[in-house]
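Only one chain comes next, encoded as structure tokens, the form predicted alone.
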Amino acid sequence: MQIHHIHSRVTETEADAIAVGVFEDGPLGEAAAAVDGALGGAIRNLQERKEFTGRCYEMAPLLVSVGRARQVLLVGLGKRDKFDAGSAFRTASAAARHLAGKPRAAVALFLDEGWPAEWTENGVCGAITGCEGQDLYRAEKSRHPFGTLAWSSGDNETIVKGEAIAKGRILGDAMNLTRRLVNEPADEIYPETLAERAAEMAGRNGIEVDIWDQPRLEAERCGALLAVAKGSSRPPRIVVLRYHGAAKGAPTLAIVGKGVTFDSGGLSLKTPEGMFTMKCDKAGASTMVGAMQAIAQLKLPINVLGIAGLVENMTGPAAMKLGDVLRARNGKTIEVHNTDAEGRLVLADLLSLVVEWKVAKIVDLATLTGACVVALGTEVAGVMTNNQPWCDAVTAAARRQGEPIWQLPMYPEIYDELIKSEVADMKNVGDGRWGGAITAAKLLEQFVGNTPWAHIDIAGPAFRDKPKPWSDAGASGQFVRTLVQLARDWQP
């Protein structure tokens, strides 16, 4: 899809369809007012009759001619004082998703009338993601990327807006890469092939890549990760990506991703309903891969280490058993009480590695616990930490991008006792049903030492069972933008 910045009036635009934004409060913007004039006051008439109010994500398609366009889509922007970068992303995505329901050669979006560059960037990113769904294997696609997307910003800041559009394209492509990796089924994406896809991305973008196979994992004493992989015929992998945007030896940010390419639950077998969407359990690793692509293409002045542990959690004859005691890379032992609490075992070895490599700060992402979804719902990620200033930075990056996140407590006097084992240093689940997202994070905390670390449980927002106005069901690609913002805001 080609994307370019335009300055032409909405009534003179060469496009098959145009979308114009309308706020719920206040006067019509320049583009909407021009369309309203060309249509004899049709938009104001719809507003007066309450047929269209401009509330968030409200769509009103008008099958009328304005210039060359044969369709005008009115797009609700919500209340003006509530609009932000996240609103720009979701609104543009909703508009593009609506128009991408049919093949169109050229579409023009008139949503941005003097937005800050950051909003424009997010809007373009949203428009790109809105054109792509989860229909990877359908003969008749439900979404059709446009041949050309024209973006109007209502001003003449050609250089600034052009740069924002280019950056938005990078972010949109990165999110779609993450979404495709997550949406691919387990027979297509498994540890070896996900490592290959990551290596292909790295090769295109000048990122160093190192892939550890099973003999290397055994030699490196990655006992917790290897235990999870024992039940599968697919051998595990660790993929290590290194982006050098700063001087050699400069402080490094580590992005750690859980990559369970399919999670049956192991011998603690999931139900069919609980297992059906478990191709999504690689979302942490996939988010890391997408973010690394964007960071490299944006040429950010930072050193970033991306690492993912890639396994299948299956029920083969050698599968990990309840009561097994695992020895992680740092020597700590873990008693297995539930084989479906496997992601934290994979992350334990990864966190030990990046601490050994003396990174400055760590953020990990994982579809780790259903308990986090119970606590926060499907749209909000939970974040937990051993370092409050670092957690504040992670949270600020997410909120700046409009990606909902909420911090959960890590009180040692309350939660540390819950993962203690009678036979090992710790057990892989807490006592009882309560606080499951936190006790999972408490296990991870045992492997980061004093390195500032934030754990983001993306079990809810990473994969949607139902569509949203701005997104098809399936993988969301959320937190790619947060990770990129974190790299942009980097303060070692």
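Residue indices: 1-based, along the sequence shown. Remember, it's a predicted structure, so these values are computed and weren't measured experimentally.
One more form of this protein, predicted in complex with a small molecule, exists but is not displayed; see below.
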Taking the small molecule as it sits in the predicted complex, is Ala32 near enough to touch it, meaning that at least one heavy atom pair lies within 4.5 angstroms? no
Flag Asp340 as yes or no: does it have a non-hydrogen atom within 4.5 angstroms of any non-hydrogen atom of the small molecule in the predicted complex? yes
Taking heavy atoms only, is Arg344 within 4.5 angstroms of the small molecule in the predicted complex? yes
In the predicted complex, does Ala360 have a heavy atom within 4.5 Å of the small molecule? no
Heavy atoms within 4.5 Å of the small molecule in the predicted complex: which of the stretches 409 to 417, 272 to 280, 390 to 398, 348 to 356 has them? 272 to 280
Heavy atom within 4.5 Å of the small molecule in the predicted complex - residue from Val256, Ala127, Leu368, Val311: Leu368
Just give me the single entry in Ala459, Ala69, Val448, Met426 that has a non-hydrogen atom within 4.5 angstroms of the small molecule in the predicted complex. Ala459
